[in-house]
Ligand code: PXL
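Just the one chain here, the form predicted on its own, laid out as structure tokens.
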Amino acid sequence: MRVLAINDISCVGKCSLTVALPIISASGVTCDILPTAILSTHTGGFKGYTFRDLSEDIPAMIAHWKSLGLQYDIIISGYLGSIDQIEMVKTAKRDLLKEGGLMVVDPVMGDNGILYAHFDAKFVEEMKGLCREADVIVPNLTEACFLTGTDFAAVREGDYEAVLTKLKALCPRPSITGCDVTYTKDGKSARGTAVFYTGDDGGTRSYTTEKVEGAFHGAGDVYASALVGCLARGVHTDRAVAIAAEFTKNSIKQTAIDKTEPRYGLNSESQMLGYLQALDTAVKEG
């Protein structure tokens, strides 16, 4: 089983490829990388960061891999440094994804209702085209709203399924992460964070974990990487979502316990064993 992760390298602040490579590799599959940019830090919470676009290098890398006959069971794309890279990801899918392989797109564009630096409305439109090429997409709520033309400020707890339905116009198996919900825990009402997603049968489902207050950078990358690791090992979607969501929640809790400055990413390393044990159990149980 071979996975290609297309994402940036943020040298400080655990996210993107510095998260995807260790998690997917630890899941028991080969993970190759296609860097889209190199940054001194990620763009959230840091100022004065360096940014080098690698668009000029990507076509030659894809061509080289094609000449080697490399083929991937899963391709996952994340942060793209330019609009031109969207077409490059489509080329990577065409030239490198196995027939019947899985294309996963994490349409990294923004959070908390706003777009990240370097992104604009034109980028959003082009990202919609990439989502149409995908089998699975994993936007957060902000990105889901931009992709569907939904007013983020007007979205309430009862609206998540409607936004997910709109996403199905772009991709057969969309999901939305980071949805604040109210749920019952130990017989009491509590605040939670849910993933609304499309099951293997096309039905709408959700999975809720307890909410840890605060903004934690890199959580989406931890979730997407763990999800891909599970799917690559043959775990069905319902269980893969649950395992990835629990791993992400545990990593967020550990970061809060450690009082690590959130912009430096999640302390997921100490939670990796629990993730791998849950994955191993799921694989054995089939």
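Each residue number is its position in the shown sequence, starting from 1. Note that the structure is predicted; figures quoted are calculated from it, not measured.
Below, we turn to the form predicted together with this ligand, even though it does not appear here.
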**Message:** Can you pick out, from 123, 183, 116, 152, the residue that has a heavy atom within 4.5 Å of this ligand in the predicted bound form?
**Reply:** 116
**Prompt:** Taking this ligand in the predicted bound form as the reference, which of 39, 29, 62, 33 has a non-hydrogen atom within 4.5 Å?
**Reply:** 39
**Item:** Stretch in contact in the predicted bound form with this ligand, which is absent here, among 235-243, 248-256, 214-222, 54-62 (heavy atoms within 4.5 Å)
**Value:** 214-222
**Candidate site 177, 194 and 207: all three near this ligand in the predicted bound form by heavy atom within 4.5 Å** = no
**Contact flag, residue 134 vs this ligand in the predicted bound form, heavy atom cut 4.5 Å** = no
**Message:** With a cut-off of 4.5 Å between heavy atoms, is residue 79 one of the residues that contacts this ligand in the predicted bound form?
**Reply:** yes
**Asked** Can residue 108 be called a contact residue for this ligand in the predicted bound form at 4.5 Å between heavy atoms?
**Response** yes
**Sequence-ordered residues of 1-34 touching this ligand in the predicted bound form, heavy atom within 4.5 Å** = 8, 10, 15, 16
